[in-house]
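One chain is shown next in structure tokens, namely the form predicted on its own.
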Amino acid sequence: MAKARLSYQDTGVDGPALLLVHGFPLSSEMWRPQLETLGGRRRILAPDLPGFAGSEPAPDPLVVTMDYYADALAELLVDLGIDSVALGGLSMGGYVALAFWRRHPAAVDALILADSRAEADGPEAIAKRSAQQKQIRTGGTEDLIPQLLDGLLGATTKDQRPAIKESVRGLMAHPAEGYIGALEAMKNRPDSTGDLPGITVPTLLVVGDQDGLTPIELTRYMHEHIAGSQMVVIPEAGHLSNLEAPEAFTAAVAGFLGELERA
């Protein structure tokens, strides 16, 4: 399947690059706090996956896979003349990052997996994603967005940060093809738990302490199986820890990258 043309944000700073992959169903704009805070010190690339924001959709959303997303990102790096990156992904972006690591390990200098998991979907999750695809085909994304939004945010954000909730809602407006393709990729993704011991690059694992979609235990499992990995728990943050607690999240990433530079 031909790769889709990707839109992306690029801070353009000289030096090692950090590639950040967004979660579902958001876009590169979810990384705005990190682009603004870290972008003046290092090159940050934040692409939109196929079917999201300004990126072209896949020719057929029902054949989209995590490998398809990973290869689209690898092609973007080739087009930009970038040999390797520190690769970060949140939620679905973490699934993409793990697929990228499997397929293009030489292009990965370090990994940052945030509010994600290594396990594949179980039968219940697969059925739920299939039902969401059906809902989108019959009624669009309008009714699904509030359902998804509620699960993405932690209790503190929902109670005390209404501006963040509305900001996230604004990041969820994408064509139906993008939603359907991502749901297809997520429900059919392979189990990555067996890959964890083989990850040899420096790895940072981040999770919000109020994340109900990928609880801390799942991040701790990855931490225990990726040798030398670091794990940071972000207080008062749910599944979108980089947006709900941007200062703490960015500090964790900056500290991790700083260690790499000093090594």
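From 1 onward, residues are counted along the sequence shown. Computed from a predicted model, the values in this text were never measured in an experiment.
Not pictured, yet referred to below: the form predicted together with D-malate.
This chain is displayed without D-malate, yet in the predicted complex the stretch 92-100 from 173-181, 92-100, 155-163, 69-77 comes within 4.5 Å of it by heavy atoms. Proximity to D-malate in the predicted complex, defined as a heavy atom within 4.5 Å, singles out one entry of 233, 213, 201, 63, which is 213. Scanning 111, 136, 168, 186 against D-malate in the predicted complex with a 4.5 Å heavy atom cut-off leaves one residue, 186. Contacts between 106-132 and D-malate, taken as any heavy atom within 4.5 Å in the predicted complex, involve only 129.
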